[in-house]
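Below you will find one chain, with nothing else, as structure tokens; this is the form predicted on its own, and questions on how it binds or moves follow later.
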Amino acid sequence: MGNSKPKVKRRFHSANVAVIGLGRFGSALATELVNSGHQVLGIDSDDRIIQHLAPTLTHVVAADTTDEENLRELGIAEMDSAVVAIGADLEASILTASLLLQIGVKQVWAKANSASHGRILTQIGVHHVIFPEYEMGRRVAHQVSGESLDYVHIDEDFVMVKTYVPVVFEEQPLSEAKIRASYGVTVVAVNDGSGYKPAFPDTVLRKGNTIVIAGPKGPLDQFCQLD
């Protein structure tokens, strides 16, 4: 018998998430969570939205989430996380987020519509403040400029980009291209038309291939401007 250890498969954790506010952002978020295998309680004040999403989400309910008693009756305090996706009503967004924190929700996420809105959410203790329009604007800007096919911030100064192989590196293996040494960024995956595969030193970069690169924002932006 060998000494190899049995492989341990990571268990999938199905989270219970409340999504409050089922406009375009909230409904897309809730639907994607359900499609990923999670349990979602969708909440909105509009009965028409509730009826529309009833066949899609795990549970949907019409409720006023600025009322603490309503939140407690819905059992939101026992859920893994809650997302405040309320749109234009800043007062309702802030009060709902505050009540979620007050009743002890483990992870509170909240959508901010402006810098001042985000600052208030942060000040009251929201764990994760998100700016969907701002983030999407930054992402699309790099696509519109032709610098990349996709652009995702992992952290404020660390980015992952999907782009085509620059002409200067065509037909070179990564070991010879020396992209990390020269540009301070790392090619993590390559798609030759048959799907993305991890990049190795002997991976050859060919014309028309798309690559996924990761690295600090400045060096990565410079790399994406190569011909």
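Predicted, not measured: the structure shown is a model, and the values here were computed from it. For every residue, the number given is its place in the sequence shown, counted from 1.
Absent from the display: the form predicted together with adenosine-5'-triphosphate. The rest refers to it.
Q: Heavy atoms within 4.5 Å of adenosine-5'-triphosphate in the predicted bound form: does residue 63 have any?
A: So residue 63 counts as contacting adenosine-5'-triphosphate.
Q: State yes or no: in the predicted bound form, is some non-hydrogen atom of residue 122 no more than 4.5 angstroms from a non-hydrogen atom of adenosine-5'-triphosphate?
A: No, residue 122 is distant from the partner.
Q: Tell me, yes or no, whether residue 113 is in contact with adenosine-5'-triphosphate in the predicted bound form, where a contact means a heavy atom of each within 4.5 Å.
A: Residue-level check for residue 113: yes, a contact with adenosine-5'-triphosphate.
Q: Given that adenosine-5'-triphosphate is not shown alongside this chain, does residue 21 nevertheless sit within 4.5 Å of it in the predicted bound form, heavy atom to heavy atom?
A: Close contact exists here: in the predicted bound form, residue 21 approaches adenosine-5'-triphosphate to within 4.5 Å, heavy atoms only.
Q: Among 190-198, 65-73, 169-177, 154-162, which stretch has residues whose heavy atoms lie within 4.5 Å of adenosine-5'-triphosphate in the predicted bound form?
A: Going by heavy atoms within 4.5 Å, the stretch is 65-73.
Q: Would you kindly say which of 135, 150, 89, 80 lies with a heavy atom within 4.5 Å of adenosine-5'-triphosphate in the predicted bound form?
A: Of 135, 150, 89, 80, the residue with a heavy atom within 4.5 Å of adenosine-5'-triphosphate in the predicted bound form is 89.
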